[in-house]
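Only one chain is given next, in structure tokens, and it is the form predicted alone.
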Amino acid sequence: MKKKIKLFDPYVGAKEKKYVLTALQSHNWASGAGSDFVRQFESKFCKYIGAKNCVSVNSGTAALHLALLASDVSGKEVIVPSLTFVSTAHAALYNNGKVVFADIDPNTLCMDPDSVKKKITKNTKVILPVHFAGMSADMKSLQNLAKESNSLLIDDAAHAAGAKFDGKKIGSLGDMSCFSFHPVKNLAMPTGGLVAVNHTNHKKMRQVLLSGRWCGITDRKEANYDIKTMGWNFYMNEFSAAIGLAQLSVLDKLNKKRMSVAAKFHKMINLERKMPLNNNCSYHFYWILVKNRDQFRKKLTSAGIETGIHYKPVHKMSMYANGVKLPITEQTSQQIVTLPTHPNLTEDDVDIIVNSVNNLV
């Protein structure tokens, strides 16, 4: 039977099993206020990325939702890339904001600062780049644009746990950064996300986030509490945090494995259009651009190699279609194929992927 090489596959070590058992035996499986493993994970991840404050939640979507809630985008514009998972755009609509799509840089596939600059208006409240596939967006240029336009810079770091920009960890550069710890991500949990806060009013924003993640609860003292604003059931459970704490202890090691896979792809795959090699990238996956994509992917599937398409552009979805033209995004989205980089790949797996791709191009 032919081995299947999965596109995503979370690493599981002895520490993950040990911590999950500890959470199970504790009988403290979840707390809206955050306790035990949740509190430990928040603290250690915050220190790891160098953020001022961190609030854990149950998904990357929840992280984006609450970050824009804390930014008060109602009636304001949020500039996002279209080559992303739809949650990046949905988060603006959850908070009654208006989505404005910018095009991408053809080399990194991250949001292009030049395109962003053309989209900024007096109504712009948030610039929201995505670190696509773990490659950092141009945070320096985007920081300057946010400052010039009196906007907030909130980065979607769903692909970027452990990634860097100019030697600084992603999560320490934006006013807020939103992480996803879905099982396919570099730091994997059953469910999980986090908002890292670096804004000058980070303490006040933290309170908004804490209230928002637990049904609006504030001023809690034992069994007594108040509800002042709307909130949601977005808190992280203890099992996810336990696994996340174990994953965090080996995140850099696992990302180095991803880097080694990406380096071999970059060197050996005989294509001109492929993901660049960058030592600061976390390589959530590795992308290539090909012609006749459907046929290409079918042949890789028959060779036992699972691939992906990240993503169908959001501005092409019926809900968001408004006639906007994003030529680089649109061309890229017709050709992109994503390849596995997860740390469970063997050397033989990587060779099979390289040889299979090269035999088709």
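All of these numbers come straight from a predicted model, not from anything done at the bench. Numbering starts at 1 and follows the sequence shown.
Only in words, not in the display: the form predicted in complex with a small molecule, which the text now covers.
A.B. asks: Within 4.5 Å, heavy atoms only: does Tyr320 come near the small molecule in the model of the complex?
C.D. replies: It does not: once the small molecule is placed as it appears in the model of the complex, Tyr320 has no heavy atom within 4.5 Å of it.
A.B. asks: Hey, in the model of the complex, is Ser180 touching the small molecule, heavy atoms inside 4.5 Å?
C.D. replies: Ser180: contacts the small molecule in the model of the complex.
A.B. asks: Consider Tyr311 of the chain shown here, and say whether it contacts the small molecule in the model of the complex, taking contact as heavy atoms within 4.5 Å.
C.D. replies: Close contact exists here: in the model of the complex, Tyr311 approaches the small molecule to within 4.5 Å, heavy atoms only.
A.B. asks: Going by a heavy atom distance of 4.5 Å, is Ala67 a contact of the small molecule in the model of the complex?
C.D. replies: It does not: once the small molecule is placed as it appears in the model of the complex, Ala67 has no heavy atom within 4.5 Å of it.
A.B. asks: If we take heavy atoms and a 4.5 Å cut-off, which stretch out of 68-76, 112-120, 216-224, 185-193 is in contact with the small molecule in the model of the complex?
C.D. replies: Comparing against the small molecule in the model of the complex, the contact stretch is 185-193.
A.B. asks: Can you pick the one in Asn95, Thr84, Gln247, Ser240 that has a heavy atom within 4.5 Å of the small molecule in the model of the complex?
C.D. replies: Exactly one listed residue reaches within 4.5 Å, namely Thr84.
A.B. asks: By the heavy atom within 4.5 Å rule, which residue out of Met275, Ile170, Val130, Met139 makes contact with the small molecule in the model of the complex?
C.D. replies: By the 4.5 Å heavy-atom cutoff, the listed residue in contact is Val130.
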